[in-house]
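Before any questions on binding or motion, here is one chain by itself as structure tokens, the form predicted alone.
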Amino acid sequence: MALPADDAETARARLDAATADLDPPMAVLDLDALDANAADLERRAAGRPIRVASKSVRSRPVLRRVLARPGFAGVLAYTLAEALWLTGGEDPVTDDALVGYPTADRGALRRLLSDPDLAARVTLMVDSPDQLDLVDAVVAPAARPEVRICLDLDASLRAAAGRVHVGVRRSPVHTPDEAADLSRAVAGRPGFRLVGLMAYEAQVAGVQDAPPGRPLRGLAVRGMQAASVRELAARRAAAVAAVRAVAPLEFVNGGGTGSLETTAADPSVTELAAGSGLYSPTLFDGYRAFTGRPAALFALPVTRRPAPGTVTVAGGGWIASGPPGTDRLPRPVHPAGLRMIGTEGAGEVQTPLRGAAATTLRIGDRVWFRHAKAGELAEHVAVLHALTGDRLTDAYPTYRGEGQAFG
């Protein structure tokens, strides 16, 4: 989201002044923007509780702040080890963590299965009986507490007899009959309790429907998403009914930052999930339904002036996961008018930048960037310096700052 030149200069001055006593590289979390984004997610959820996708946050203090809001409840964790960390200890972040992906972490499973309190707080994701076999191989059913299980229903759009696949490749469970078969496999085995079903429509939640400068792509994406929403609403409702005929479900989870409105309109869904919209990274700039406020930024210092109109900052290779492309690069935003060089991009130890603003930058000045994906920024810094108004008010440790790395 580009700001008008005057607004960009005001934003830059605010960031520079607030962090004048700090040396980059560093990251700032604008709490005013974070709270505004959280409020907008709540509005778009239309009363459905939002489970926080922790991979898009990766800071326990930020998770606590968001979970204190009335519209948020529970965490969608990305690994079992992370879920155990967030639900354990004397002051857990949450007592309700759904692990969003199947696990093969035997050590984490042993910890879960040796503690009845953790087993009551953490729900595992499965899409195959093989994953149940792994749990049984770690600790036999008779020697452990009951394990909470959620089924992962594939939400991708398939056409042409399965030859066309739109969406991410997650679960092999696509049809209501397949969901019913797996639910019977869970319900029929000792030591497991089926409590939930999840269907994440990545092709709607995570694909911009109005990408800047690409109107034809936006038109095509909107057509695909409309078809996907219609197809999934019918299939998910049928799958939920089929599973509920086997076991009562505590929750049906769906959606993501980019699809809260359409998922909230599905009566078969009881809760939503979102995380990226809290920080509002660049990959979420191109949506028609909402406009987030950039809440997380990082600064790098100018260390060279290799040529007229060019400066070099230290580091910068904070590239987002996903298919390689320029949209995965961090974007220089303050001062306005800087761009990366195509032959170098974001470098491991230095990043050259060109543009009119380069002529005014001196050695030691800082350039502010936005990351392409939300939580991955936190893998590069130990703290997020919390900005309220025009001053820093706190320093929130990231997972990395607390010595944790969950992949």
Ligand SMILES: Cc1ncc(COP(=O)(O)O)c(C=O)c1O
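The numbering used is simple: start at 1 and walk along the sequence shown. Predicted, not measured: the structure shown is a model, and the values here were computed from it.
From this point on, the text means the form predicted in complex with this ligand, which you will not see here.
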May I ask you to choose, among Leu76, Ala155, Val243, Leu151, the residue with a heavy atom within 4.5 Å of this ligand in the predicted bound form?
Leu76
Listed residue (Ala45, Val381, Ala53, Leu338) with a non-hydrogen atom within 4.5 angstroms of this ligand in the predicted bound form
Ala53
Would Pro330 sit within 4.5 Å of this ligand in the predicted bound form, counting heavy atoms only?
no
Can Thr257 be called a contact residue for this ligand in the predicted bound form at 4.5 Å between heavy atoms?
yes
4.5 angstroms heavy atom contact with this ligand in the predicted bound form for Ser280
no
Is Tyr101 close enough to touch this ligand in the predicted bound form, meaning at least one heavy atom pair within 4.5 Å?
yes
Triplet Leu124, Val135 and Phe251 all within 4.5 Å of this ligand in the predicted bound form via a heavy atom:
no
Using a 4.5 Å heavy atom cut-off, indicate which stretch of 341-349, 363-371, 27-35, 53-61 touches this ligand in the predicted bound form.
53-61
Along 270-306, which positions have a non-hydrogen atom within 4.5 Å of this ligand in the predicted bound form?
Ala273, Ala274, Gly275, Ser276, Phe284
